[in-house]
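One chain follows as structure tokens, the form predicted alone.
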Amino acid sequence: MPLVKPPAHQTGTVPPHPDRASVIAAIDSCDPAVRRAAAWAARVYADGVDIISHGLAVEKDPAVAEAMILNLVAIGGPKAAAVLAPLLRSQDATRRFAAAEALRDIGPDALPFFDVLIRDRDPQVRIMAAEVARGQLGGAAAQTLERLLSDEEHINVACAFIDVLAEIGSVETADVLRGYAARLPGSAYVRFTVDAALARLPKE
């Protein structure tokens, strides 16, 4: 489910132009609306990522956590990406997907974290990292997926790579996908996934 982008101004009991101390206090408020507003207000401070990260680490309300993640995207930069990247290992599926979408939106600043996560030992993390490549990481992400696909042993991960490559790959990607399918000639699932991807890739 796509993240719902926040409005230009968040409502709550945080003043429209609060001082930093008020924002720090509000991020720990018992009122979810106040915590959500504090995440928005933190964006104007140099340490806004740190303020939001502090709140996100202990946040239990899914709607507030999503708002915090969205405000990290609004701040952007490698520091925000560094906070979001570990969330791909979260036990909370909603938080994992929100973080993956957020890293997509951050763009090139997420590339170093993508390069690490896409090689994670946990198959689920690799699958979520592949989703990040659907964003604005450019051809480098596609080339990384192509290289890793040839050695990927987990079929679900490989098919996740293939599905993403169908969206971001090039004409040359077709040979990579055919090569992977040739390794597993008896897998109908792989054959179906590759055929579907080939139909979506650019043609010469």
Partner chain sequence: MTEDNVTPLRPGPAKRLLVIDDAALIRAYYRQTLEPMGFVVEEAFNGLEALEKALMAPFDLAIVDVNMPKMDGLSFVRKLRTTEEIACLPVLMTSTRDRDSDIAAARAAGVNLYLVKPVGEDDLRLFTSIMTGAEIP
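Predicted model, so just to flag it, every value in this text is computed and none were measured. Numbering follows the first chain given and starts at 1.
Unshown form predicted together with its partner chain; subsequent notes refer to it.
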Stretch in contact in the model of the complex with its partner chain, which is absent here, among 26 to 34, 168 to 176, 149 to 157, 41 to 49 (heavy atoms within 4.5 Å): 149 to 157
Site check E66, A93 and D163: each within 4.5 Å of its partner chain in the model of the complex by heavy atom: yes
Its partner chain contact in the model of the complex: D105, any heavy atom under 4.5 Å: no
F97: touches its partner chain in the model of the complex, heavy atom cutoff 4.5 angstroms: yes
Distance check, M128 to its partner chain in the model of the complex, heavy atom within 4.5 Å: yes
Distance check, A21 to its partner chain in the model of the complex, heavy atom within 4.5 Å: no
Any residue of 169 to 204 that, in the model of the complex, places a heavy atom within 4.5 Å of its partner chain: A188, Y189, F192, T193, A196
